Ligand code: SAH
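Shown here is one chain on its own, the form predicted alone, set out as structure tokens.
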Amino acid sequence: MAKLHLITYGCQMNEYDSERVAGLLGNLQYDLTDREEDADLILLNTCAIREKAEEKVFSRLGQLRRLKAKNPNLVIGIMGCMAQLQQGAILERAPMVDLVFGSPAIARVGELVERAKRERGPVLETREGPLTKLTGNVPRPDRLKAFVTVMEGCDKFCTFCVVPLTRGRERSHTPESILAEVRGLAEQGYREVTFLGQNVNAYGKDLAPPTDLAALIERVNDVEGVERIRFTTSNPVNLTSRLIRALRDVPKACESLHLPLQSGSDRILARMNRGYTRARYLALIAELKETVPGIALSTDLIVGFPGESEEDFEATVDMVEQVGYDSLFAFRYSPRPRTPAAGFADQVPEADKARRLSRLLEVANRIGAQRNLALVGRVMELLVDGLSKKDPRELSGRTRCNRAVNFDGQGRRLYGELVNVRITQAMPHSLRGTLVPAEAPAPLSSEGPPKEALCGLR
């Protein structure tokens, strides 16, 4: 069999796409390999959200050039968001690349690879295409958690963002196709699914008849074998009270939410074209905390957006303090091609961006550590998903509110099991715990304890 080596950058959507590409090419007798020197085909699934992500790809291509020189028959391809955004510019900068194709062409990856091999020249395919539900994946012995794309694209056109350019407008997959995929995953042993979409809580409004994410979660809750349901990424504009109630009322929906803020300044939010104000965001946070007590919240933040003053930045720090996020992802603003913000005249100096980012992360780490410390002594339900990274003698798992917990498994084979652990120690980014007796709080059921109790929040 021919050998395929996949290199994936960026978000969960890219991880999902890589799984599908591996499955599609597996049907064409391509076997996955971890060794790039053994590969007949190397595909780099790329991200374009920041300039640094693109530079990583070009740096990697520089390393792969040596392999190509040794093996002229090696096919090297670039797929994903960077391919869709940069298109022919990739071939100009890296002429040794044989294939460039965007996300709409993933369903035709086998055809495109064969064309690149046959024509012995660069193949470029970045045209728009129909939304296609791809459900093939690579059989793995560690089946436990799976991503499921429920929609693609975004209609928001934030001034810093390339998603509408790389993924197109919002398009939803039908509930029936998603349910079929989830049932298939459950039959393979997967116990947790995460719904993916660039603006996932806008799911279903483009379908006929229209539906919503809450309805989809309710239907997937009935799939036997699946124990946990998550979703990402949510835009505050489309976060509804109905979806918030689903986090409380649907048994398998996990009590965590990633809700990007981007900035705490109304002036900067308007320049970003985010569609909400600071007050509106805080109102959503208040509703979330009231409806789902103890919900774990995370967010995305951009520092140094064009025109951001010290006062604007301090407004962002204040929001982090007020909300009390469990974790956050903060980045320096990076101008992206073909976005309005890249042309704004008042770009912030890099030194100011670096200073602000450092301060913001210090505040975030302090708050996250305090949130973790408050959980010491609580009993939490874990889905055991592997070994501890720091001590392979210990097991690791995730709580329903998505906290990592390491614990002594007492020699038991617990991978994929739901267990109860009492938290004994809090670290900045993880927890430690000990197994509790089997008579401790049972997994959630319709007659079981309140959901927040299972997340260790009472």
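Don't overthink the numbering: it's just position in the shown sequence, from 1. Bear in mind that the values here come from a model prediction, so they are computed numbers and not experimental data.
Absent from the display: the form predicted together with the ligand. The rest refers to it.
* Asked: Is every one of Thr233, Arg274 and Tyr333 in contact with the ligand in the predicted bound form, taking contact as a heavy atom within 4.5 Å?
  -> The answer is yes; Thr233, Arg274 and Tyr333 each reach the ligand.
* To do: Quick one: from Asp300, Glu187, Asp206, Glu314, grab the residue that has a heavy atom within 4.5 Å of the ligand in the predicted bound form.
  => Among Asp300, Glu187, Asp206, Glu314, a heavy atom within 4.5 Å of the ligand in the predicted bound form occurs only for Asp300.
* Looking at Ser256, Gln262, Thr149, Gln84, which is the one with a non-hydrogen atom within 4.5 Å of the ligand in the predicted bound form? -> Filtering the options by heavy-atom distance leaves Gln262.
* Asked: How about Ser172: is it within 4.5 Å of the ligand in the predicted bound form, going by heavy atoms?
  -> Heavy-atom contact with the ligand at 4.5 Å: absent for Ser172.
* To do: Considering only heavy atoms, tell me if Phe160 and the ligand come within 4.5 Å of each other in the predicted bound form.
  => Yes.
* Exercise: Leu418 in contact with the ligand in the predicted bound form, heavy atom 4.5 Å -> Heavy-atom contact with the ligand at 4.5 Å: absent for Leu418.
* Asked: Would Lys68 count as a contact of the ligand in the predicted bound form, using a 4.5 angstroms cut-off between non-hydrogen atoms?
  -> Contact with the ligand, no.
* To do: Could you tell me which stretch in 425-433, 386-394, 26-34, 46-54 has residues with non-hydrogen atoms within 4.5 Å of the ligand in the predicted bound form?
  => Selected range: 46-54.
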